[in-house]
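Here you get one chain, nothing else, as structure tokens; it is the form predicted alone.
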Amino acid sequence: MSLVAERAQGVADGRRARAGERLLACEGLFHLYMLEGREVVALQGVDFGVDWGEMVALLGPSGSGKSTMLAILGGLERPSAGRVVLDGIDVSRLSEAQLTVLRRRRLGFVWQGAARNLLPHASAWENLDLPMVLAGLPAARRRKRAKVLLDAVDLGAQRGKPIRALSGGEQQRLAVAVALANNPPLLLADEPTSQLDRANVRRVVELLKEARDDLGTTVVVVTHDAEVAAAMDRTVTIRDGRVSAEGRGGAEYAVVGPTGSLHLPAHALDVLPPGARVVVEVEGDQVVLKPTDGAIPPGEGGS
């Protein structure tokens, strides 16, 4: 069932017409925070972009900076340095009041677990209605939009039920609907399937695809789930606060960092284990890494 209400069709067509144009750009993002009295670097010079209508998965081990990145993209945290530009708006320069308006009208959020997404004592309908009330939509439009979304996520019959009466899968499907209530151009999701069984994982992935196909919504999702990542147009791997790799069409490409750093893929570490010394040679348009036997000629080693 389509996520498009009648009034949203023109907006969706306009977004699809911009496919391939840059919607979101991060430039030189650094982020530091204090933990137990010491400074922790979460992001280190991240350059990252997403086009209109693109679906991107952020991958990487726990603590790599993925969730921090998502929070900065959504204006929930300010970077220590660098900037985020959303459709020409420098998000990092907005006031708190302006950020609130931006989040209500141009961003949708889906978080891990119902507690962060939904009001537990309100009904499914009331949860959908609230973001539209905050955005100032008139009652007639809110009713029509809520019905379209509830039917699209197979919850029309549960519209009056409180959240605690819904299953985990139903709650997360509703969370996607709530995130799309104001038809934002960008939806950000942090581990939206981590607590779901496989059938509900697939349904949430279908909903994200339907949002892109029906509404022209751009999607950025943090995930550890291989099935979710495989459903995206592109994957971006974050390691140690840097973009280390990108994947498209089943192929993964290492990304050279701003200082020339390079994270090697796991299979390369069989040949070049951590601490290995290599000779770097440029052969035409190719760069070749050749392992040495570990011996360094006199006068060429460090102190």
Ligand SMILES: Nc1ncnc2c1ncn2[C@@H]1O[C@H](COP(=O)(O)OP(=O)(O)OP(=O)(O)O)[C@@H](O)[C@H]1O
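Treat the numbers as computed from the prediction; the structure is a model and nothing was measured. From 1 onward, residues are counted along the sequence shown.
The protein also exists as the form predicted in complex with the named molecule; that form is not presented, and the subsequent description refers to it.
This chain is drawn without the named molecule; in the model of the complex, the residue among Lys209, His224, Arg104, Arg83 with a heavy atom within 4.5 Å of it is His224. For the residues Gln112, Asn183, Gln158, Asn127, the 4.5 Å heavy atom test against the named molecule in the model of the complex is passed only by Gln112. Interface membership of Ala42, defined by any non-hydrogen atom within 4.5 Å of the named molecule in the model of the complex, is confirmed.
At a distance threshold of 4.5 angstroms between non-hydrogen atoms, Tyr253 is out of contact with the named molecule in the model of the complex.
When contacts are judged by a 4.5 Å heavy atom cut-off, Gly65 counts as touching the named molecule in the model of the complex. At a distance threshold of 4.5 angstroms between non-hydrogen atoms, Ala266 is out of contact with the named molecule in the model of the complex. Figure note: of the listed segments 267 to 275, 44 to 52, 245 to 253, 57 to 65, the one touching the named molecule in the model of the complex, with heavy atoms no more than 4.5 Å away, is 57 to 65. Shown here without the named molecule, the chain has only Glu191 in 154 to 192 lying with a heavy atom within 4.5 Å of that partner in the model of the complex.
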